[in-house]
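Below you will find one chain, with nothing else, as structure tokens; this is the form predicted alone, and questions on how it binds or moves follow later.
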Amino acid sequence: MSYRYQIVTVFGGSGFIGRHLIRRLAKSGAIVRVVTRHPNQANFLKTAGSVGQIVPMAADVTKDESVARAIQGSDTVINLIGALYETGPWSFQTVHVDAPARIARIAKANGVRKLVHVSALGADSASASAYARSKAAGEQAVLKEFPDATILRPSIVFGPEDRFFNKFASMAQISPVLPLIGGGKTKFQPVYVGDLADAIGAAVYLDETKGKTYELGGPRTYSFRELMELMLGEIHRKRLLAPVPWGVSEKLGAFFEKIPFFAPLLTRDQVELLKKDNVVAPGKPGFKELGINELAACEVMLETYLARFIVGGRTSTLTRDVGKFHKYPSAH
């Protein structure tokens, strides 16, 4: 797979998914423009490529001229922009619908060869969640402006900088109780961020992905409770997992939404999202159709980045962990 001498413009490239994708694109030989509101925060990505290969750029996705400057001369455009909750002027409509539509329209007008739009599993125009409705509306807007665009819908994405396992592991450091929203029965298919980055790269490279939508789920399905148990086992902490009914969860969401200056721990809209399983629909194209057959599981990857939440660090558990191997015969 090679994009040598191609220009790939990545909107939202300095975020969690973007930093993993940029490294992969750089290895392919592409010139990568990392488009963000604060380009200084993307400077750390320059070391992922040769001198001048990674180019942070400032752009305002609410303005045509700003988006056009970022896209001009690009062969490929990738949109990673998204928000988990609304804040200030950044409503779901602005971030998930208007911005992708503008990017798609200007990309088409500039003769861009490939547009990849990263949406979310669960995007649904009939959903009770504003997040899910806006994701669906964004996909429709992109395809209207750029019919050959490739849509990727990942389940929750995990990895070193994720906002899922890291958030709950942080809570476990200070709280003896972790809430199980709705009883913890909601099912997920977590996707490792490296696998998602590979899928985006494949979507760019393969011509047959044009105009198609792919649902991306990891190798295993877990309930919310199972994910919390897995995380707690990895950081060697015992915490009470307390089921919280939907009605109480909605009241908690309403409370956390009102706390200023901090990212809310929970919103009412996220509670609505949790009422529906976040898993791949049977028969939908996914990783396999993108040529990716080996996927990383949570059990394998969590230990690579959650050790910082273990009291005393990973080395504090070595004596106990080594004991697990005494049952195996010596190789000598």
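We number the residues from 1 along the sequence you see. Because the structure is predicted, anything quoted here is derived from the model rather than measured.
This next part talks about the form predicted together with a small molecule, which is not shown.
Name the single residue among 142, 202, 123, 80 that comes within 4.5 Å of the small molecule in the model of the complex, judging by heavy atoms. If I apply the 4.5 Å criterion carefully, the residue I get is 80.
Look up in the model of the complex whether residue 288 has a non-hydrogen atom within 4.5 angstroms of the small molecule, and give yes or no. So residue 288 does not count as contacting the small molecule.
May I ask you to check whether residue 118 falls inside a 4.5 Å heavy atom distance of the small molecule in the model of the complex? It does: once the small molecule is placed as it appears in the model of the complex, residue 118 has a heavy atom within 4.5 Å of it.
At 4.5 Å between heavy atoms, is residue 61 in contact with the small molecule in the model of the complex? Residue-level check for residue 61: yes, a contact with the small molecule.
Please determine whether residue 146 contacts the small molecule in the model of the complex, using a 4.5 Å cut-off between heavy atoms. Answer no; every heavy atom of residue 146 is more than 4.5 Å from the small molecule in the model of the complex.
Look at the stretches 35-43, 291-299, 269-277, 64-72 and give the one with heavy atoms within 4.5 Å of the small molecule in the model of the complex. Result for this chain: 35-43.
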